[in-house]
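Read the single chain below, which is given as structure tokens and is the form predicted on its own.
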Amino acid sequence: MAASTSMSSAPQRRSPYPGWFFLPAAVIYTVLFLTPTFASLYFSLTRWSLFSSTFIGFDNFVQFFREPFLVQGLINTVIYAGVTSSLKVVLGLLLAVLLTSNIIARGVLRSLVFFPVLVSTIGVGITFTALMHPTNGMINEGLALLGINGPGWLTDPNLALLSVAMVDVWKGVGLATVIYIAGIVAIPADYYEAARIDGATKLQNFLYITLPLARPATATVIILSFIGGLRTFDLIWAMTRGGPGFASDTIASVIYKQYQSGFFGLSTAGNVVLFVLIAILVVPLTMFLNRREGHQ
């Protein structure tokens, strides 16, 4: 009670800057972010072209969820985000543990792991499209030398989405590794020294020290990877253009196709659906991870 009285009576800390200092930032934020957001919300309720628009209510959203390939794109988006973010967390953590240990050429290995992050996504997509060619691709030719008939990585409807997801993991795991390395090296060495004196094994060090104390890095990797997976477009477009058929379409590629076909209102509604999907999935996930972090 005394503590709460003391807190309520404590003087509030005032900002040393006057309020109008924030006005330029508020204007830029309003012009560049708030205005396009609300304009998109309005145009998603219209049938519009470059010179006119007609208000049609929620018809675009009704049509969106009635089209099977649009719903398939929605499902593919969630699968893609789940697979890529899960693998980046697991592989990023394992690589970070390896690259923070005393191994030969550690600096070179760190550079090699991070290198794909620096390469253009379109360039990666074009390169792996050639490597995964069903007959002339280097991957299937390598498998043929072992007597294995390689599948159509990008032409099989059951494999196309996962094949692109694997390439996404290869390209993005370097960033996850760097985040984990930063989290692991920040753990005080005293914990490991105390565990060594108690006779703890390397596995016990990992399970009871590294894994729990690297939780902030885990939360960061999960959130960044999951949002990136939900918004993915360039790699999908470079490798499959959503094909074969609609097997590897995500919401972003579907939206682009609708724009190309002139269905501007429907594609804008798809943008709103994507925005709502990210908010529904990421906001609770962020709150959960931050709450768990606060309990440590």
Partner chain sequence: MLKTKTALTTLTTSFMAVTALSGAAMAQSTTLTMLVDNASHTIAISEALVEAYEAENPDVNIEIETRPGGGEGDNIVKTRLATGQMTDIFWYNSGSLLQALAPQQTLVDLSDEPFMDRIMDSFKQVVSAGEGVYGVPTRPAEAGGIFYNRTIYEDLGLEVPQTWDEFMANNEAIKAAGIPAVIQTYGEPWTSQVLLLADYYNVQNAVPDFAEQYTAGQAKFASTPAALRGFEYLKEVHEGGYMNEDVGAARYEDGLRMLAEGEGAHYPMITFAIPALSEGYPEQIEDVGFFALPAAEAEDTGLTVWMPAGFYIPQTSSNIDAAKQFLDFVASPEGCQVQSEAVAVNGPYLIEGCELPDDVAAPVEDLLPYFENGNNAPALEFLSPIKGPILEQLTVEVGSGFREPADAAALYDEDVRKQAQQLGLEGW
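A quick note: this is a predicted structure, and the numbers were derived from the prediction, not measured. Numbering follows the first chain given and starts at 1.
Omitted here: the form predicted in complex with the partner chain. The next part is about that form.
- The candidate site formed by 63, 245 and 258 is fully in contact with the partner chain in the predicted bound form, as each residue has a non-hydrogen atom within 4.5 angstroms of it.
- With the partner chain omitted here, the record of contacts in the predicted bound form names 129-137 of 75-83, 107-115, 209-217, 129-137, defined by a heavy atom within 4.5 Å.
- In the predicted bound form, no heavy atom of residue 57 sits within 4.5 Å of the partner chain.
- Among residues of the shown chain, residue 231 is not one whose heavy atoms approach the partner chain to within 4.5 Å in the predicted bound form.
- Interface membership of residue 36, defined by any non-hydrogen atom within 4.5 Å of the partner chain in the predicted bound form, is ruled out.
- Interface membership of residue 29, defined by any non-hydrogen atom within 4.5 Å of the partner chain in the predicted bound form, is ruled out.
- In this stretch, 14-29, not one residue has a heavy atom within 4.5 Å of the partner chain in the predicted bound form; the partner itself is omitted from this view.
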